[in-house]
Ligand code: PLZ
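Below you will find one chain, with nothing else, as structure tokens; this is the form predicted alone, and questions on how it binds or moves follow later.
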Amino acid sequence: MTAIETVTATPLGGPSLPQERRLVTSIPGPRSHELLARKAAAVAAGVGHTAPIEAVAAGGGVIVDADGNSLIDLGSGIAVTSLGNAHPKVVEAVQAQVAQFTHTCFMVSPYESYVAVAEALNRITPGDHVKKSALFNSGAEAVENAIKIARKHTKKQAVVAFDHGYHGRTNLTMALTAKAMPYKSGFGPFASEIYRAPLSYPYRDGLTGPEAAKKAISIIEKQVGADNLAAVIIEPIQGEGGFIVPADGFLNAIVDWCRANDVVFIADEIQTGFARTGAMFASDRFGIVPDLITTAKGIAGGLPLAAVTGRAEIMDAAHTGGLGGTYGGNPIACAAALAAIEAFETEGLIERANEVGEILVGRLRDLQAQDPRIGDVRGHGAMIAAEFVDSTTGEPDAALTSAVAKACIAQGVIVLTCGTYGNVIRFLPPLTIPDALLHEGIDVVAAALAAA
């Protein structure tokens, strides 16, 4: 019997899966134990996992494992399956494309779907200026290419990233990423001409947006200099850094400074993009228009695709052949992206993200009022975080955070941790999760916190 056959008589995936938390065995169950043993023997030790299960089906707000357990998914594969797994439009588009052709390499013989994805991104990303796009495989690859484009356009080399930022695991993007463990430790030396500025972190710095921006700009001017600076890159809401939402006015002031100093402003919207924050892009929520925007994760309903989109005059700076990649803009992923973008635009998912956020924030703030170990609740849309602290000192409490997350998974609710200090639980449910299932997931989190 195969792993998929161990699931009871339900559909194999997609939104028709029963939307329920169901524990048939302990987590992990015997079939999952078998896979984890094989993983330990065959997969490099550096590739970790959060939930110790063998996933065999997923859809709506659940993931089903090989032992028949159904877990509530509050992570969406790290903000990837925002549509819910196996969305019917994505499945149909992928199946049709697989039957037509799987690859030609766009740089060898172009195809319409790549162009159509670029056209869609040019249309839906912030700003009404003329834009162009280039497609890649992963978020880190998009960030690297955005830096390349900015350097070519400005003929300058330095790049500024921000405290707590995360931009990837390749050499250049590790240099941009702030957190050492597990992303950077022992992997250097890193790319040069990368500098770091302080972020607006209202819960911990107590500064207004303009005050925090003034501090950051002063450091940039003194330690780098605008004449040397090609680009500033920032996540409008930080992801791995702890879902940090900058104070109002911070991003606007940084954008204004970049415009005045011939510095390319790059918004890394890899985690915040595609309805996740209750707007198509988080930049829209803050009223900013990036020069370049990087996207991935939610772009294609679970298939690997990424993009850089931006002002045409900047995007065209790279010489012919300077951008690309064998698999960049793969036709199957492009078909999935076109279906996903259509769903985001026509199925009320932006509105749904805000509904999910209202539930999460309301429930978490009720918990916060009862438990001082929740120091902060923040975020927008279906991208919400709770920061856990020592109730006496206010210092980050990573041990408590880890204990709560592990207890949730053991009880059939997948949650993800993040934060520079490892003390944040982030909530990234699929936008298709039913309200009842979302409430049940939060109930489990509350019980885990009470028991910790």
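Source: prediction; values computed, not measured. A residue's number is simply how far along the shown sequence it sits, counting from 1.
Beyond the structure shown, there is the form predicted together with the ligand, which is absent from this document and is the topic of what follows.
A single residue from the set Y166, F106, F344, F286 has any heavy atom within 4.5 angstroms of the ligand in the model of the complex; that residue is Y166. Taking a 4.5 Å heavy atom cutoff to the ligand in the model of the complex, the contact residue among N145, Q97, S138, N330 is S138. Though the partner is left out of this view, E235 does reach within 4.5 Å of the ligand in the model of the complex, counting heavy atoms only. For E240, a non-hydrogen atom is located within 4.5 Å of the ligand in the model of the complex, even though that partner is not displayed. In the model of the complex, at least one heavy atom of Y183 sits within 4.5 Å of a heavy atom of the ligand. At the 4.5 Å threshold, heavy atoms of V224 stay clear of the ligand in the model of the complex, well away from it.
In short, of 126-134, 277-285, 167-175, 249-257 it is 167-175 that has heavy atoms within 4.5 Å of the ligand in the model of the complex. In the model of the complex, the residues of 246-272 lying within 4.5 Å of the ligand by at least one heavy atom are, in order, D268, I270, Q271.
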